[in-house]
Structure formats: structure tokens, C-alpha cells
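Only one chain is shown below, in C-alpha cells, and it's the form predicted on its own.
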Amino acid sequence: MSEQIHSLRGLAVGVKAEVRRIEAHGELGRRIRDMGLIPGTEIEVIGRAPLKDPVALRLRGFTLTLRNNEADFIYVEPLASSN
């Protein structure tokens, strides 16, 4: 496993990354995948609430917000061209 792959919760605003894997199972895993967060998807963190939860993402031409407890199950690898 690459050391660059970590939970989505740790990404800073403005960073672009690619989804590598989803570790949620059951209903939560299905819901995350239904929102378009599947391996290979490029995302950008576009904002965070003042207390860092939720996080706003841009992917596939739309904006999505996730709670940190959902973002913990999504593992991403930052893209070289982002901050």
C-alpha cells in the first residue's frame, strides 16, 4: 500500500485526489458508492465547515458534502498537480 493513500478526512481544501478504495460495507458502503465515490473517481476538496465537518467535494461536475464519519471510510491518493 502506498503511503500517499489516506482517509479523505485528512485532505486540505484545494487538494485534488483520486479515490482508491472504499472500506465501508453494508448500507453505508452502498450509499457512498451510489453518490459516485468509486475507485478511480477524481475529487477536489472545495470547502469545510468552520468545525471541519462536513466536507464539500467537487466530483463529476457536481458538489457533494459528506460528514467526517463517512469520509473516514474513503481512501484517496492526492494527485501530483494539486497543492
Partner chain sequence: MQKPLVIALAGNPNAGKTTVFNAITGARQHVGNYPGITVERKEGCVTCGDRKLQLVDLPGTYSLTAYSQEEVVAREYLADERPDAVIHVLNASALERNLYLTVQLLELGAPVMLALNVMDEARAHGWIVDSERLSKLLDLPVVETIARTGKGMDELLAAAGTHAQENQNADWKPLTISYGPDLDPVIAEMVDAIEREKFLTDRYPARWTAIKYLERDDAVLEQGRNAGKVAETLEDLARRVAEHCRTTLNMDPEAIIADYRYGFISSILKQGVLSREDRKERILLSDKIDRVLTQRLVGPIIMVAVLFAIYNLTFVLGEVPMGWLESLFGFLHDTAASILPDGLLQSLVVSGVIDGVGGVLGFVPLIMIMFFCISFLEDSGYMARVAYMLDKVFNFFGLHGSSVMPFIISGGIAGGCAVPGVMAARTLRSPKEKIATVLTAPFMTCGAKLPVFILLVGVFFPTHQALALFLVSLAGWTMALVTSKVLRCTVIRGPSTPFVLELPPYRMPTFRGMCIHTWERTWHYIKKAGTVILAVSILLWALMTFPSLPQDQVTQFETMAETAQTQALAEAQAQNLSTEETDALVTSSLDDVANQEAEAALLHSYAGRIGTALEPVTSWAGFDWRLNIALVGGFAAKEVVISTLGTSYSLGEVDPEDSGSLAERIESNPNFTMATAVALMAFVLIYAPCFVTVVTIAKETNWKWAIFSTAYSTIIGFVLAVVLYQGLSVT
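Positions refer to the first chain, counted from 1. Only a predicted model underlies this, so the values are computations on that prediction, with no experimental measurement involved.
FYI, the form predicted in complex with the partner chain isn't displayed, but the following is about it.
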Legend entry - Within 4.5 Å of the partner chain in the predicted complex, all of Q4, A17 and I43 (non-hydrogen atom): no
Inset, instruction - Please run the contact check for D72 against the partner chain in the predicted complex: heavy atoms, 4.5 angstroms, yes or no? - result: no
Legend entry - Heavy atom contacts to the partner chain in the predicted complex at 4.5 Å, residues of 53 to 73 in sequence order: D53, P54, V55, A56, R58, R60, G61, F62, T63, L64, T65, L66, R67, E70
